[in-house]
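One chain comes next, on its own, written out as structure tokens in the form predicted on its own.
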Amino acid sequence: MFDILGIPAPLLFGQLLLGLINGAFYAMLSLGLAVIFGLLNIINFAHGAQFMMGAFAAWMLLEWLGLGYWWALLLAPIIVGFTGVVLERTMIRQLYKLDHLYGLLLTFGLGLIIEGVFRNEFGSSGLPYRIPPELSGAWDLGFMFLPVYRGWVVVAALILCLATWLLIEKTRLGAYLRAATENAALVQAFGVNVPRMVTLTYGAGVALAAIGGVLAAPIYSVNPQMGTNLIIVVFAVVVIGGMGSILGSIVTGFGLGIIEGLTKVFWPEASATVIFVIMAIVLLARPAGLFGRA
């Protein structure tokens, strides 16, 4: 073994891996928030609860129906995304022409209600969810052991984030979505069902959070507070990257995860606040965020 800057290599690379894993979840959650805010102008504070619902959906599919991890990756986002569609059609749709504060308050209240329901039903201690056999074990890289599942999470998050960015920025559907945020009446005049597209966009943003919840279930215990523990940091990530910026959410999520991991090595006391310090600096220098538009 060898040292890097006086730090044992296994410790340094282990923290880098933890930072990448945290960054993967920051990127996935902030991506869903950016999609919803950028295309619907709604600050979705229920996103953490919907992330938690994805993890619980995976647990229920396994414990109640015997459907394993791979089925959960397919079905949980559909189930949770459908609940998002119902919320958009029944409540959130009424707020599009109002100030952002109304959407924030509504989704904040919905998040509290969802978390309370799950806490009342399942308690707060957390439920285990086992790693699928195909992704168990670890690779010996010589300088560290890389758990297979954690490597899978980072790769899956990268693929999901890049696919979402390509869909929104490089396809005709993405062009319709972006155009609808600028002039919905004009897009509808071309025969596009804008209300349905908006509904499905919110559902897709919620589904992104649910996928993150399924990926997180084997790493963290499945509990009602798991989304609450992440959502404040994720909002800081979104603000730093730029509200509504898809690329900003991806780059900033992974980057801040790595910075947080390195801070735990070199200055552990600051690891809990470093992201918020960076947010304050970015807001002072560039209020729209690193990738945002004024």
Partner chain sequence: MQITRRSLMAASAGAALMPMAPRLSRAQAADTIRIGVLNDQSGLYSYIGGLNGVALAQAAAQEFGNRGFQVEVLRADHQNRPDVGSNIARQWIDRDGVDMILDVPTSSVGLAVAGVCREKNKAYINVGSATSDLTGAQCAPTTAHWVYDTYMLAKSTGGATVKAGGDTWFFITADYAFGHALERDTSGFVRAAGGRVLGGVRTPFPGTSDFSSFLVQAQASRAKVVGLANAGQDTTNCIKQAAEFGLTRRGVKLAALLMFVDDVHALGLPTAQGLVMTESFYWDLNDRTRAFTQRVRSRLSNNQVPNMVTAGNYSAVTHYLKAVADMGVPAAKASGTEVINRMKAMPTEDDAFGKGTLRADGRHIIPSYLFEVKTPEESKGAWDYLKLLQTTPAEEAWRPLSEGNCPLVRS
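Between two forms, the rigid core is defined as the largest C-alpha subset superposing within 1.5 Å. Numbering follows the first chain given and starts at 1. Bear in mind the structure is a predicted one, so any value in this text is a computation, not a measurement.
There is another form of the same protein, the form predicted in complex with its partner chain; it is not shown, and what comes next is about it.
*Asks:* At 4.5 Å by heavy atoms, is each residue in Q15, N22 and A217 next to its partner chain in the predicted bound form?
*Replies:* Every residue of the candidate spot has a heavy atom within 4.5 Å of its partner chain in the predicted bound form.
*Asks:* Whether P268 contacts its partner chain in the predicted bound form should be assessed with a 4.5 Å heavy atom distance threshold; does it?
*Replies:* Heavy-atom contact with its partner chain at 4.5 Å: present for P268.
*Asks:* My question is simply whether T90 lines the interface with its partner chain in the predicted bound form - judged by any non-hydrogen atom within 4.5 Å.
*Replies:* Looking in the predicted bound form, residue contacts with its partner chain do not include T90, since no heavy atom lies within 4.5 Å.
*Asks:* Is it the case that Y176, even though its partner is missing from this view, gets within 4.5 Å of its partner chain in the predicted bound form, heavy atoms only?
*Replies:* No - in the predicted bound form, heavy atoms of Y176 and its partner chain never come within 4.5 Å of each other.
*Asks:* Considering only heavy atoms, tell me if M144 and its partner chain come within 4.5 Å of each other in the predicted bound form.
*Replies:* Result yes; M144 sits at the interface with its partner chain in the predicted bound form.
*Asks:* Which one, 205 to 213, 103 to 111, 162 to 170, 145 to 153, holds residues whose non-hydrogen atoms are within 4.5 Å of its partner chain in the predicted bound form?
*Replies:* Single hit among the candidates: 145 to 153.
*Asks:* Pull the contact list for 112 to 134: residues with a heavy atom within 4.5 Å of its partner chain in the predicted bound form, in sequence order.
*Replies:* The stretch 112 to 134, when checked against its partner chain in the predicted bound form, contributes R119, N120, E121, F122, G123, S124, S125, G126, L127, P128, Y129, R130, I131 at the 4.5 Å heavy-atom cut-off.
*Asks:* Would you say whether L16 is displaced between this form and the one not shown, judging by a C-alpha shift of 2 Å or more on the superposed rigid core?
*Replies:* Comparing forms between this form and the one not shown, the L16 CA shifts at least 2 Å.
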